[in-house]
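This document starts with one chain, in the form predicted alone, laid out as structure tokens.
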């Protein structure tokens, strides 16, 4: 008797929730949200859709779980050595989130959705607790804790999203584009502007060519922290 062609070969070993999540993250990293479908996932894991739904629920629930898994790992990052000053703690978690989204570009969109849709979820609570937990030690007045922490969180999310994959209308954007080539092209365009009409753009064009994204990101954190110190 011949077997029917085209059907995925089922696994003999028991499929775990962790395997599903790890595979989903790998698929998201490779192709973004559009690459992750239940059908594609079942084919990759050689299983049926029932096993996926049993372990992780719907596709949207799986996306949320993948987000929680990656962000949860980033939030476990701690300063090396002895306990860091509060500003150091904030820089560590900010860079951990920056690096997580750089490694998983699909994450920026899902992270924003999590914070908006689920204010009591582990992602929202985890980020705000790590950042906001330093406000007292920074000397920020209690009445300003929420505003101060929110400013930092909003800056972090906005800044890291610039380096992430853009979901939705990407016309005119090459998702596999080279960063250095983009910076060179932008620098040349700025250099070509009328220097009398755009003196600032001409003044910083060299800095655009040479800037480091992570260092620029940390400069923004430092500016905000300096401002928070003035709230005392």
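Remember, it's a predicted structure, so these values are computed and weren't measured experimentally. Take the two forms, superpose them, and find the largest set of C-alpha atoms that agree within 1.5 Å; that set is the rigid core. Positions refer to the first chain, counted from 1.
There is another form of this protein, the form predicted in complex with another copy of the chain, and it is not shown here; the text below is about that form.
Though the partner is left out of this view, residue 162 does reach within 4.5 Å of another copy of the chain in the model of the complex, counting heavy atoms only. When contacts are judged by a 4.5 Å heavy atom cut-off, residue 103 does not count as touching another copy of the chain in the model of the complex. The closest non-hydrogen atom of residue 125 lies within 4.5 Å of another copy of the chain in the model of the complex. Not displayed here, another copy of the chain is approached by residue 115 to within 4.5 Å at the level of heavy atoms in the model of the complex. Contact with another copy of the chain in the model of the complex holds for all three of 144, 198 and 224, each having a heavy atom within 4.5 Å. Just one listed stretch, out of 41-49, 55-63, 24-32, 202-210, contacts another copy of the chain in the model of the complex at the 4.5 Å heavy atom level, and that stretch is 202-210. Checking 139, 72, 88, 119 for any heavy atom within 4.5 Å of another copy of the chain in the model of the complex turns up a single hit: 119. Residues 135, 142, 143, 144, 145, 146, 147, 149, 150, 151, 153, 154, 155, 157, 158, 159, 161 are the members of 134-161 with a non-hydrogen atom no more than 4.5 angstroms from another copy of the chain in the model of the complex. In a rigid-core overlay of the protein, residue 69 has its C-alpha displaced by under 2 Å between the shown form and the other one.
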